[in-house]
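Single chain ahead, by itself, as structure tokens, in the form predicted on its own.
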Amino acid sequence: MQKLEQIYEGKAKKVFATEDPNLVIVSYKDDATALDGLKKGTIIGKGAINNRMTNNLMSRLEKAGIPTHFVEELSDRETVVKKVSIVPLEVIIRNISAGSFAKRYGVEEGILFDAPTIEFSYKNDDLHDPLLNEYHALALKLATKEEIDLIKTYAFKVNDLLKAYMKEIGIDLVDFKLEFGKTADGTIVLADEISPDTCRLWDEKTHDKLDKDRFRRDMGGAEEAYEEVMRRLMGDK
């Protein structure tokens, strides 16, 4: 697979064209951002960790019936994925109160919900990704009713599967963000990444944070936290 010109650069990844118009190469960076882009820094090695962890989890999800954009891992930092047009809805699933949910509703962190919650935000940096509901999404023509229903079905199934995977390695899946895309033929697939950048992960015994909150909240130890998740998930030393 030949890497051609760069076609996109985001906060955490670069995307390159290939000789196949339906496939692109994603290259993961060590750059870290938080607080709506106001906080910038570097988490050494996170690009490789996020790439390999995402590919591992997407392969598992694909086998469990969730269609994804994953095609082939090329190296520690680069992966071939299906070219998609991202549905401009960020999907947030929450199992335990934390982060913006706790702040918004004035509750403490760590409350286990009776059932997972789902939130949507409008993927738009200029507007700071505002929260919206299904009616707003339909009014803005961000997706059809059928697409939204399918995305919700997939998101809750991903939650069930990820919770089980994390439980096996002693981690509580607190909350996480998903993005979905449409392939050339209009098929909805899971896209973007699943990593300590996009998931809140707490050690089930100590409740230590093993995710980007360590960077976001100036707690230190972000590199070690990412490495610990990788080690548990994939047996890496």
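Start at 1 with the first residue shown and count on from there. Just so it is clear, the structure is predicted and the values come from calculations on it, not from any experiment.
The same protein also exists as the form predicted together with ligand UDP; that form is not shown, yet it is the one meant from here on.
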Please state whether every one of the three residues Lys163, Asp172 and Glu227 places a non-hydrogen atom within 4.5 angstroms of ligand UDP in the predicted complex. no
Of Glu147, Glu134, Glu73, Glu90, which one comes within 4.5 Å of ligand UDP in the predicted complex, counting heavy atoms only? Glu90
Pick from Ile43, Leu210, Ile49, Cys199: which has a non-hydrogen atom within 4.5 Å of ligand UDP in the predicted complex? Cys199
Would you point out which of 154 to 162, 95 to 103, 134 to 142, 110 to 118 contains residues with a non-hydrogen atom within 4.5 Å of ligand UDP in the predicted complex? 95 to 103
Distance check, Glu78 to ligand UDP in the predicted complex, heavy atom within 4.5 Å: no
Ligand UDP contact in the predicted complex: Arg216, any heavy atom under 4.5 Å: yes
4.5 angstroms heavy atom contact with ligand UDP in the predicted complex for Arg60: no
Which residues, if any, of 127 to 153 lie within 4.5 Å of ligand UDP in the predicted complex when only heavy atoms count? Asp129
